[in-house]
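Below sits a lone chain in structure tokens, taken as the form predicted on its own.
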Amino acid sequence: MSWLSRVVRPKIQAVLRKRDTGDSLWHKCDACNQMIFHRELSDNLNVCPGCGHHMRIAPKERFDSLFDEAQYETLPTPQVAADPLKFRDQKKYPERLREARHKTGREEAMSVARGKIDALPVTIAIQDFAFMGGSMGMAVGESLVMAAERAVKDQTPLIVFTAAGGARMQEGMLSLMQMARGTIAVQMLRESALPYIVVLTDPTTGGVTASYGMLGDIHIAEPNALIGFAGQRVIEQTIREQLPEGFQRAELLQSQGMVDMVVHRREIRPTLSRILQMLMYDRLQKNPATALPRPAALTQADDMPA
């Protein structure tokens, strides 16, 4: 067999197959294996129309779905030391960062933007699991602190969408310190009497769960999101018992009081709007133009005799 048949022809056929099938046109659901046309999946906010499985969604698509008319200002990612520990495993840390930036088109694992939800100004920070597993490094800690400082300056609520495998091992102790810095950022909001809402997405684990991921005034989770600290296999090996079905999933955590509500992705925006209008009600009275109609429960309470 000639080299034309052995080498050239397979390469040409591979290119033609890729064009014919269109890898970017169809997506396979991880839960039910249904093939979904990419536009249908995008219109449904990366939720399988067949089984309702919530797939991961990029920060830009998330921002577009949350802010009024998809209009918002993206805040610049804070600059931090590129490789403070000169860490290397199979690859050098700066090389891994370059690969993650090329793959995602983002500078770091957390993106911050400010805009409005139903005319109410808000600051939103979103972690991207596609960027090195959403790992919490120094840049993520700086981004969270920046988001909190901007929220305090603008007197807006802060909403954080978490998605992480934990701390970034390439930054060692410097990464673990971001747990404390994240806690301080939340305290800044508390001292300013501003709402801090956490939306837990799949997966939220490790140091993120152990710090700012579980310090919200209200915790919302997407359906079937994995939420926990240690992995299930580690826990089973430690306690030498089989874990119950649905362990570390959003629905079980809600039943145990760790999550306030489990909300479908298409309902997150209206749910956040209602919560923020109630939590910011006193402040909104000073600026009625941004306020929705007063919740019926509050109106009825005022009408009740003392």
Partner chain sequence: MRTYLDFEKPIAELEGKVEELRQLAAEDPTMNISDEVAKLELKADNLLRQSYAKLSPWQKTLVARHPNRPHCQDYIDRLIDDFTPLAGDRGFAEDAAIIAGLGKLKGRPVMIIGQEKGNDIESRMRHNFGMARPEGYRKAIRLMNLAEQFRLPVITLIDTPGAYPGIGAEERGQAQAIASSIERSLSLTVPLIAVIIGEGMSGGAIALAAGNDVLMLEHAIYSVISPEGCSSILWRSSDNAEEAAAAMKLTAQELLSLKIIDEIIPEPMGGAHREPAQAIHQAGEEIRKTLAKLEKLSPDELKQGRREKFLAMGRQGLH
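Since the structure is predicted, the reported quantities are computational estimates derived from the model, not experimental observations. Residue numbers count along the first chain shown, from 1.
The next section is about a form of this same protein that is not shown, the form predicted together with the partner chain.
Chemist: So which of 94, 121, 223, 172 gets a non-hydrogen atom within 4.5 Å of the partner chain in the predicted bound form?
Modeler: Looking at the other structure, the residue within range turns out to be 172.
Chemist: Scan 116, 190, 101, 150 and let me know which has any heavy atom within 4.5 Å of the partner chain in the predicted bound form.
Modeler: Partner contact (heavy atom, 4.5 Å) among the options: 190.
Chemist: For this chain shown on its own, do 49, 55 and 125 all sit within 4.5 Å of the partner chain in the predicted bound form, going by heavy atoms?
Modeler: Result no, not one residue of the spot touches the partner chain.
Chemist: Can you tell me if residue 77 lies within 4.5 angstroms of the partner chain in the predicted bound form, counting non-hydrogen atoms only?
Modeler: Contact with the partner chain, no.
Chemist: Residue-level contact is defined here as any heavy atom of the residue lying within 4.5 Å of the partner chain in the predicted bound form; does residue 142 satisfy this criterion?
Modeler: Output for residue 142 is yes: heavy atoms within 4.5 Å of the partner chain.
Chemist: Does any part of residue 179 reach within 4.5 Å of the partner chain in the predicted bound form? Heavy atoms only, please.
Modeler: Residue 179: contacts the partner chain in the predicted bound form.
Chemist: Against the partner chain in the predicted bound form, would residue 89 count as a contact residue? Criterion: heavy atoms within 4.5 Å.
Modeler: Taking the distances in the predicted bound form, the answer for residue 89 is yes, it comes within 4.5 Å of the partner chain.
Chemist: Please pick out the stretch from 154-162, 103-111, 68-76, 229-237 that is in contact with the partner chain in the predicted bound form, where contact means heavy atoms within 4.5 Å.
Modeler: Residues of 229-237 come within 4.5 Å of the partner.
Chemist: Across 243-261, which residues bring a heavy atom to within 4.5 Å of the partner chain in the predicted bound form?
Modeler: If the 4.5 Å heavy-atom criterion is applied to the partner chain in the predicted bound form, 243-261 yields 243, 244, 247, 248, 256, 258.
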